[in-house]
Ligand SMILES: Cc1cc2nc3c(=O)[nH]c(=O)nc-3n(C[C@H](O)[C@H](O)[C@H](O)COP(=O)(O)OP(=O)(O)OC[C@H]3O[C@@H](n4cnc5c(N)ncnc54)[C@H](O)[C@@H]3O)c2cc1C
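Read the single chain below, which is given as structure tokens and is the form predicted on its own.
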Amino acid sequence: MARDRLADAKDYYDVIVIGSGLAGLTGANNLAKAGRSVLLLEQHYNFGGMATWFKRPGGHIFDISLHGFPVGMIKSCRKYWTREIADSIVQLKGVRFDNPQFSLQTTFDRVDFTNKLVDHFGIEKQTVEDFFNASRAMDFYDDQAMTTRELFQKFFPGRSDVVRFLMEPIAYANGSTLDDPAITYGIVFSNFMSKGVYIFQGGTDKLIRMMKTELKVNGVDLRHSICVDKICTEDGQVTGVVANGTKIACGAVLSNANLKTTIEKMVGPEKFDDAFIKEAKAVRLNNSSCQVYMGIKKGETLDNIGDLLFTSVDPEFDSTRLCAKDVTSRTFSMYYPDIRPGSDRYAIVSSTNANWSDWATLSEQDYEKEKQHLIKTTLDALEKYIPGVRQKIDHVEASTPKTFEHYTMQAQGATFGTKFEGLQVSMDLPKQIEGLFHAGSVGIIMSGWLGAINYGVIVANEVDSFMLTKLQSQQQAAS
């Protein structure tokens, strides 16, 4: 059965893309448009990686992951995908905070954030402008020694309430902490501050369906339910992959899998320089997530309480507490009918950052017990904002880091991939093995869906340049 999925595959492709996260899908699409023959292999039965969904009886559809991305997604989708995809991206205007330090609603853009910081928090406007300008000016080549904690201390000393307002949403967006390099915060924050938070209208299932259609139009060979066991190399060059036991040759590999998995399992440490492997092993995995999916009964309605609700009972923002198993901070993503035009259904997804270690070693009995506790406490927290919500729900279930590890094969269920230091290792892969490229979740570059798409484009251009140089060398050798 596994071999049947590759029975009609070609013996050789210019590029094999491993994994169909948004970086993998976008990379494959751009390479195909450049005239390359592309095979995309996805181990799951759905394409999309973390940008995915699932259905449940009773007409429920649940989008995975916290929804919301910067306005730049419109431009990227129009340029690298289709106008139809870009035209389905709409703004979310109700981003709400509720915690012991403040309670407010914002459109989550620079103008409104400035007004809130000045009028609500009492910060001098010039200080706010200086902070925004400093964040906007950050890029990968800046000094990486300054931490986000130090950045906030520089502009807002002693103001833990301001830190919470500025930091909490970004921590949910990419898993960053106060002790990570400031650029991992500043670049992502600035992207959102451009014009607010956006979502794909129609649901993730519609987005991926439209992307698959475009990929097929451009000639990408799409295959799901296929696991890549090995990336084959010879004399420091990629030669192909072994997938479901079948060897397929290629000129280059673009891995959208976890960085550490790509290096340590698919290729093997022995294929790299000792110094590079030491650097790669030092790369830290980012944290994972827990989510609770709540389906509302057909015919029931919900009052509008905002699109995104960041709620916490912790006295101050704390990166460690944000990931704790005894959850005190949650983000509720509200899916009203207008998010899926033509539908009259409501859904709610609660997202919390989480640690793999808190869930990985539980017995089966304790694991189920903790999942039920997560559901109960989530519903308890939601009752504050939607009284009687339990009576409106007819389906509820939870996911944990183990769930994400099982379905995505991300090491330790790391929904945000690796920490910032993984980016340099990711970029240096082709220097170690010719034809080996990576465009997975790595620190700074992953400002959610937008970062994934843009990184896929960047690496696809590098792959295309490599293939062109390789072809020219072959032609010169032949002549």
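Since the structure is predicted, the reported quantities are computational estimates derived from the model, not experimental observations. One rule holds for the numbers: they count along the sequence shown, beginning at 1.
Another form, the form predicted together with the ligand, is not on view; read the next lines as being about it.
Taken together, G27, E264 and V457 are entirely out of contact with the ligand in the predicted bound form: none brings a heavy atom within 4.5 Å. The stretch in contact with the ligand in the predicted bound form, judged by heavy atoms within 4.5 Å, is 407-415, chosen from 31-39, 54-62, 423-431, 407-415.
In summary, among the residues A347, L254, A257, V292, the only one with a non-hydrogen atom within 4.5 Å of the ligand in the predicted bound form is A257. Although the partner is absent here, L22 sits close enough that one of its heavy atoms falls within 4.5 Å of the ligand in the predicted bound form. Residue contact check for G68: one or more of its heavy atoms lie within 4.5 Å of the ligand in the predicted bound form. Put simply, I18 is close to the ligand in the predicted bound form: some heavy atom of it is within 4.5 Å. Residue contact check for L436: none of its heavy atoms lie within 4.5 Å of the ligand in the predicted bound form.
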